[in-house]
Structures are given as structure tokens and as C-alpha cells.
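Only one chain is included here, represented as C-alpha cells and corresponding to the form predicted alone.
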Amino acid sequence: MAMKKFINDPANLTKELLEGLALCYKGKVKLVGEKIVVRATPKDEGKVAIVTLGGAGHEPALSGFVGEGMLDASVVGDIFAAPGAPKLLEALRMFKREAGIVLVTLNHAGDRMSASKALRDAQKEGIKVCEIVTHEDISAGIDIDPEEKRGLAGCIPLYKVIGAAAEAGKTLEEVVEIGERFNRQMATLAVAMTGCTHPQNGGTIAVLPDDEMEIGMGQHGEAGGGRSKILTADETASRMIAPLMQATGVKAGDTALLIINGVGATTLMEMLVVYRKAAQLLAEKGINVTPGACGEYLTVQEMAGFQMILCKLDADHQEYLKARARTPYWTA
């Protein structure tokens, strides 16, 4: 398939996009070891470091959230592919410290495989590191084993919460507890109207008829099982927010964070219309909706659709979400 993309040699795509990120935001991030993005100004070594990993092609995720108040490092794989364990271990060695490291891994087979190997090797070397695995996608069912749930864009607010906790000087054990509690109270559903192409080879990833959409499609085009005729913005928001409320357990009197993450080809206009209806439905149930987010945080090339993320917030989570952050694509 012919592609209309501004790229050079496809083999150099990941390398060049990371060079561009570092040049564009050189006061915030820098590139080391070719595929490791780190803070331009390192955090005090007395504080817990936050590291993540994942494939390129989802920009601004994940490297766009490296910086003060969020990630210390992002280890990048090729397009839609996890980085290898040796590259992740290289990053963990860089951040070896008495305070320890939290590694955030999205629940995808390649990411988990690399993380498991790197963690074993790091621990053998005396590197103090704990892992948080995000698995908030509820498309396969609310009550299924978390190991069967994919990690989607919910990793972004998680980075914000635990990044702020680390900046505040919380211990490794405290940061993990804060993050796991947030993780348990978060749920995501995705909807797609079109698939995307692989930017290195032009291969089509998922095909949907012109008059259909699919609720539950994964961020690499994985099937979600919720295919239907295209619904209006309000109908789509209503269909998605109900199971998200059930999954998070949010109820009247609670405070919640609502995020609409565009995955590439859906306009901000559409996302704001969807956000409006979802926020109204939450308010009707007596739920306090904090200032949220609506935009592109984790994309899938030119896929049309969005991910709706709902998080039930404890009091400390609310404070961490408001704390200062200085990254290329999230500031507060």
C-alpha cells in the first residue's frame, strides 16, 4: 500500500523521530544510548526514579512524558515493538540508586517479556527495582483476570501520579503503593472507526467498513468485539462511560478524572463533544469530575477513534495530579 507520510529511510524512523524529540525539547529531555530518552536535568539521586518502556509509533507516548514530575527515562523499541531486555537493563543501570526504581510496564506480551528478563538481571546486579504493570483495558470484560487485560493510555496519568509522589520524596514502597492503588481504580475503553498503516512497510493494521465502528479495539488494531454501526458522539459516550463507572467503582460523592485520548485521526472538536457528554453523565450520578484532559497522548498513527479513561481518585491522587510537571507533552 502506498503511504503518504513524511519519512526518510523506514529503517531509520525510530532513530530520527527520537533525535527530533530531543532537538525540539532539549531543555526538557535528551537522548542517550540511541533509544533511551532521559530528563535533561536529572532528579536528585535520593529520590525514586520512574522508568518505562514501549515501542515507537505511538507519539507523544511514551517518551513525551519524560521530565520533571513524571518519567526519568523511556526505553524505546522499534515501531509497535518492545525494546529488547538488554536496552532496558542499560537504562536500569543508569538509574541505580539506594532510593530505588519503579518500572512501569504496559500489559503487552513483548513489553512484559523484555521487562521480566531485565528485572531478573537487574536484581542479580543489586539494582533495587519494583514493577507496576498497567492493565486497565476492560474490553474483554470487567471481572476477568488482570493478566488478560491490555495496558492502554491509562499509563499516562499513572506516570503523573507516581512521578509526583517520587518528586515529593516518597519511598519506593510508598510510590508503589500509591501507584498500585491508582492502577486498581482506573479503567479504559477504546473505540475505533478506522485502522492504521504500519509506517515502515505500509501494511494495513485492522480494517473496518465505512459505516462501522468498534468499541474495544486495542492500540495495535487488536479486535475488541464491540463492532456496531457508527453511533453519534452522545451515544458513543453513553455506551462507554457506563462500564467504565462499573469497573472503577466510582459512585455519588466520589471524585474522578476523565481523559479522552485521541489515537491519531479524530479531531479535537469530536473529542471535546464526547468529553462533554461523558462528564455530564458522571455529574448526573453525583460524581465530582476534576479538571481532565482531552487531546492526543498515546496515538496509533492515523487510526480514527479515541480511548476514554476514567480514574476514581483518592485524596492523595488528586494532589499528585495537580503537582508541577515539566515534560514535552504534559505540563501542570
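Throughout, we count residues from 1 along the sequence that is shown. Bear in mind that the values here come from a model prediction, so they are computed numbers and not experimental data.
Beyond what is shown, the protein has a form predicted together with another copy of the chain; the following relates to that form.
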Assert contact_stretch over 126-134, 176-184, 228-236, 94-102 against another copy of the chain in the model of the complex, heavy atom within 4.5 Å, equals 228-236
Quick check on Ala40: any heavy atom within 4.5 Å of another copy of the chain in the model of the complex? no
Under a 4.5 Å heavy atom criterion, is Ala315 part of the interface with another copy of the chain in the model of the complex? no
Classify Ala323 as contacting or not contacting another copy of the chain in the model of the complex by the rule of any non-hydrogen atom within 4.5 angstroms, answering yes or no. no
Touches another copy of the chain in the model of the complex: Asp210 (any heavy atom, 4.5 Å): yes
Can you tell me which residues in 264-286 come within 4.5 angstroms of another copy of the chain in the model of the complex, by heavy atoms? Gly264, Ala265, Thr266, Thr267, Leu268, Met269, Glu270, Leu272, Val273, Val274, Tyr275, Arg276, Ala279, Gln280
